[in-house]
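Subsequent text provides structure tokens for two forms of one protein chain, presented individually as structure 1 and structure 2.
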Structure 1
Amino acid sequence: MNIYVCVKHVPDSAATITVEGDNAINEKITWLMNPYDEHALTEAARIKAAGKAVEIVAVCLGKPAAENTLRSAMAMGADRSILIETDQYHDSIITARALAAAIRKDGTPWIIFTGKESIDSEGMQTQFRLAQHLGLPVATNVIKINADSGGVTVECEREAGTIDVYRMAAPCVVGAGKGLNNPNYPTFPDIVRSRKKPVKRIDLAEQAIDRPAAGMQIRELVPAVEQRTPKALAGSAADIAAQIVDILKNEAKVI
């Protein structure tokens, strides 16, 4: 019973993003594992520690530099990893096909984890497409999981104060949410051990992936402009309150 964890190599959330050309970014910045994927790995490691899984395999579609994210994944508990190499940016339609093909070829999944979304393209959909290709049930923004050999019972946070409880037969796809756990960041010995774990590189071009008729292409990328001119509100607390009410009423017109 393998657990697969799909991870993505993304720019650090604090990095400065500069646009290059029409639709690309300067990639000479800090890149990290997508934060939601850290929750997925931590949960996979917890399930394995409870004696329920045989092996944890991290899978990533990305450029050669994405190996760093796979090393992090192995430091956080993955036993080995698969890097589906490409030199281009791909949409979630291709990504899901690539991940599905790699997993199908590698072994028999029990649980396939992803993060609930990636913080770079913010597409919120790869886990659903992956599940569709593999014919599996899927739940997203999972904040609690109880796994047994037959499947998983998950709690998903749909919105503030609303939790859905689903039962999914194994194998299944689980999109990890932030509330799932506190990520288990690796120690130095974990990092050393991860260097000896295997990364299998496969070329995206050599995968048996059907050419999709559909796609999403980034035509243009521009920096988001932020231009606000702050004005000070001053006076006593009551004066300030009155000014805020005035703004709400006459400027924003929400009262």
Structure 2
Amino acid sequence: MNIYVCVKHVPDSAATITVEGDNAINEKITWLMNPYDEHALTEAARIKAAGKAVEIVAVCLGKPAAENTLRSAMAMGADRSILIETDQYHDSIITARALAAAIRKDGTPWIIFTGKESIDSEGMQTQFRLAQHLGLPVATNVIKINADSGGVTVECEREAGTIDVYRMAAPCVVGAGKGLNNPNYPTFPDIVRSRKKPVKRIDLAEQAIDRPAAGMQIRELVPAVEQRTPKALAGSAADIAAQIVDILKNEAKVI
């Protein structure tokens, strides 16, 4: 019985992103594991530590450099990993099909974890497409999970603090939210041990997946430019406070 954790290799949000051409970035920056996937891995490791006889397998679709993210996943508790190698960006449609094919070929899942979204594309679709391809129930933005022999009970955070509770039969797909846990970052010995764990490489071109009729492409990337117009406020403290309130109310329209 396996717990699969689908992870993504993404640019560091603190890096300086340089757009090259119409729809690419300079990749000579820091890359890391998608932060939401860290919560997924931490939860998988917690479930195993609670006494469940499971193997944790990290799965990633990405370029060869994504092995670094899989090494991080194994340092955080994954027993082994699978890298579906590709040389280009793929949308959530192809990503879900590739992940489903790799999981189906590898073993029998009990729980499949993903992050609720990725910080680069923010599509929030992969977990649903993955569940559809495998014929499994799915819940996302999960902030609490209780797994037992009868199934999985999850709490999902919705808008305005609403919490929905679902009971799903296993196997199932769980999209981890930020409130699920505090990521358990690896120690140096964890990192050293992860170097000895296996990474299985699969060529995406050799995966038996159906090419969809539909698809999504990044047509253009444009750097975000902040346009600020400084405005000096003069007068007494009371006058300045009144001006700030007026700006927030009539210009920014946030109050």
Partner chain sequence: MQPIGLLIEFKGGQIKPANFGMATAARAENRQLVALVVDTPANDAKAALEAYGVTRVVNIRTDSNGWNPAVHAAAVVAAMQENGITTLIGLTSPTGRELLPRVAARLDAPLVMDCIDIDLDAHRVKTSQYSGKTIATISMTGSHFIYGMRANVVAPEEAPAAAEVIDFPFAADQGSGFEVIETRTDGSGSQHLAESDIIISGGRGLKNAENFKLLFDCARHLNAAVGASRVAVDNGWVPYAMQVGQTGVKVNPKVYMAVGISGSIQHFAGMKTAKTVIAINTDAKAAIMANCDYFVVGDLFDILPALEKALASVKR
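Residue indices: 1-based, along structure 1. Shifts are known only where both forms have a C-alpha. Between two forms, the rigid core is the largest collection of C-alphas that superpose within 1.5 Å. Computed from a predicted structure; not experimentally measured.
Only one of the two shown forms is the form predicted alone, so please name it by number.
-> It is the second structure that is the form predicted alone.
Rigid core fitted, then: does Asp22 show a CA shift of 2 angstroms or greater between structure 1 and structure 2?
-> Superposed on the core, Asp22 moves its C-alpha less than 2 Å between structure 1 and structure 2.
With both forms put on the same core, how far apart in Å are the CA positions of Asn250 between structure 1 and structure 2?
-> Comparing the two forms, Asn250 shifts 4.3 Å at C-alpha.
Cα shift of Ala237 between structure 1 and structure 2 after core superposition, in Å?
-> Ala237 C-alpha displacement between structure 1 and structure 2, core-aligned: 4.0 Å.
Kindly list the runs, ordered along the sequence, of 3+ consecutive residues whose C-alpha shifts are all 2 Å or more between structure 1 and structure 2 once the two forms are aligned on their core.
-> Shifted segments: 232-238, 244-255.
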